[in-house]
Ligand SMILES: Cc1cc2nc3c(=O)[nH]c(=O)nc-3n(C[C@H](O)[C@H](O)[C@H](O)COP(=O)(O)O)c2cc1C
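Just the one chain here, laid out as structure tokens, in the form predicted on its own.
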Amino acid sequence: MNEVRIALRNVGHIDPMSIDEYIQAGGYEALKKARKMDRGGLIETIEETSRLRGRGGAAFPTGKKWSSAYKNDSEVKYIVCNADEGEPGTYKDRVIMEGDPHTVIEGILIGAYAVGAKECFIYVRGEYENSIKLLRNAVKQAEEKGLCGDTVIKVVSGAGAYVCGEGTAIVNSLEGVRGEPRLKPPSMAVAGLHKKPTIVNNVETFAVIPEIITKGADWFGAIGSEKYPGTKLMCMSGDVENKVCVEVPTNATLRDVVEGFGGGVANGKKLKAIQLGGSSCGFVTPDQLDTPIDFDSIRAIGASLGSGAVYVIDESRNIVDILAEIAKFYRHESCGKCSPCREGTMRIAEILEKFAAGEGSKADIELIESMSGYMQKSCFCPLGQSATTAFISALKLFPEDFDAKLRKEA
């Protein structure tokens, strides 16, 4: 299995500070082509022919989202690029932004033309200082060459809150208020930023748009899985030989990714599990390595593709220790808006810290199971709803790890 580079096509081949090198590589030709197309036809190309689905985790059809905003008769519309990459183990967006920022800018400008937006925002995680610098330079260069037209793109630095990776929380932050999620409906395409139609797409999604326009939606639609065509960026970390970000067709398997590109488990050890998609997702076991990485196939085995994070765990690890760190992360990142999340993440972190220290009890397990069910049903946003997903998955797959951490009775 070889890489198929679309979002990463220029990374390592051009100077990310140079718009001229991007143009020499064919950059902004897709924008020129798109602006000659009928807006409705352009969106239909993305929706019906390419069948592009969002690469931010939810896999919502990109063209369908754009179509909703396009059909809205509001005079003011916005585009927001979600570059708030806060999921532990995920760094694919940073690789794109720091290797080829202009492909993101071009994708945003194509989207802005399609839906009729005149103001666009790139909301970047505050810790990504180099990404912010490169994107601002790219926007300035595109403006100087007249490529933006009357469309304004602003690069905004986030405040480091994990919850601002969620679309409505980004919009709140952009409006200058506390970064907390909003209740939906209405959808963002109906009432988003300043209560106007707003399209929020991920960096990876925007990065592939220019190539879809340049090479054709049929070309893109023929790559990888039929229902989730194209490529997916996968970021490997943990107990893997090669900690790399790769772009592979969506019919590649987890085995292709971990063993082929990752070089397998480090130090000659055996694979115990993979946490796929990020800390809010469950675990995949070695017998599931031949699952294709398309969204639907991964969901069919009870896992999630999520942000494309691939956290490899070897046989020497006790999953409970990993869960304790995840719980600590969610306790810190809860925005506190709703009490089930605010109090639940705190209590679960306390219990798992006790477990990791070898002081757990079966009553503690039952308590977290009960709290998990309550949080999934009552937390306001996905942060709290999925904060215990890894725990429930690990309890099902690795009960012996919990047994090993039970308090030894005198």
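Everything numeric in this text was worked out from a predicted model, so none of it was measured. Numbers follow the displayed sequence, beginning with 1.
Keep in mind that the form predicted together with the named molecule is not shown, yet the notes after this line are about it.
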(request) Give a yes or no on whether each residue among 27, 100 and 135 has a heavy atom within 4.5 Å of the named molecule in the predicted bound form. (result) no
(message) Heavy atoms within 4.5 Å of the named molecule in the predicted bound form: which stretch in 162 to 170, 336 to 344, 190 to 198, 284 to 292 meets that?
(response) 162 to 170
(message) Give me the residue from 367, 37, 58, 357 that has a heavy atom within 4.5 Å of the named molecule in the predicted bound form.
(response) 58
(request) Could you tell me which one of 304, 250, 131, 202 places a heavy atom within 4.5 Å of the named molecule in the predicted bound form? (result) 202
(message) With a cut-off of 4.5 Å between heavy atoms, is residue 43 one of the residues that contacts the named molecule in the predicted bound form?
(response) no
(request) Decide whether residue 352 counts as a contact residue for the named molecule in the predicted bound form under a heavy atom distance cut-off of 4.5 Å. (result) no
(request) Find out whether any non-hydrogen atom of residue 383 is located within 4.5 angstroms of the named molecule in the predicted bound form, and reply yes or no. (result) yes
(request) Using the partner position in the predicted bound form, report whether residue 85 sits within 4.5 Å of the named molecule, counting heavy atoms only. (result) yes
